[in-house]
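One chain comes next, on its own, written out as structure tokens in the form predicted on its own.
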Amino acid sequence: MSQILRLVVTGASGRMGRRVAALAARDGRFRLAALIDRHPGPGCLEPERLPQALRAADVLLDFSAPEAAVRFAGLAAAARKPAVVGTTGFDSAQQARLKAASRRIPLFLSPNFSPGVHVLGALLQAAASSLRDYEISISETHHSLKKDAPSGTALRLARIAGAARSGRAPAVVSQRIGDVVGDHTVTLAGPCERLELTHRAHSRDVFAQGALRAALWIVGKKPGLYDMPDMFPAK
């Protein structure tokens, strides 16, 4: 798109929100219309100001917390503004509310905006389908302050593996330690060999850049629920 995209970032004081805002501020394709967080500070508004902020914005981009993200997506739907949600840890009721919002607006919902993780999922699908007799395990490590375990990314990988086998998803082993950005390993073990598929994120910037790319992509789409496979369709 040729015009500058006006962003409202919710969860703007968190780790991901700060990176999204910093990268958007340096990118001529974006303008920060508002930063929203439950801990407002200089340049950051309280959530009650979101309806007003959305009137001067093109897209909502959220990295907050599950209940807040659902509420913010509902406000975006009421304002008829597209939303990109990177928050994870939703329960089934919250997922249903997000799906309801997507009937009114295009809503890009993904637990991971890394292109590499998207490709990891495709590789896993192929491997799990081909090596049908191999056992599958998934392990993931994140920083010690991450609240949800397993991560949304690990749960997605488990669903991909389960769907490829038309059966139950494999268990996930989670570790929370230090300042690890995000490591995910899928192991397929068979007779006399094993295959390991690993993705390691070196910086949160890969997720922030992917979320910004999703914000550009979602503008002009029809209402509905979108994800990384929609933005990177198989060829």
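Given the structure is predicted, the values throughout are model-derived calculations rather than measurements. Residue indices: 1-based, along the sequence shown.
Another form, the form predicted in complex with a small molecule, is not on view; read the next lines as being about it.
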The stretch from 146-154, 95-103, 129-137, 161-169 that lies within 4.5 Å of the small molecule in the model of the complex, judged by heavy atoms, is 146-154
Checking A33, A68, V180, L197 against the small molecule in the model of the complex, the residue with a non-hydrogen atom inside 4.5 angstroms turns out to be A68
Contact with the small molecule in the model of the complex for R15, defined as at least one heavy atom pair within 4.5 Å: yes or no? yes
is_contact(R49, the small molecule) in the model of the complex, heavy atom dist at most 4.5 Å: no
Would you classify G121 as touching the small molecule in the model of the complex, given a 4.5 Å non-hydrogen atom cut-off? no
Please run the contact check for R55 against the small molecule in the model of the complex: heavy atoms, 4.5 angstroms, yes or no? no
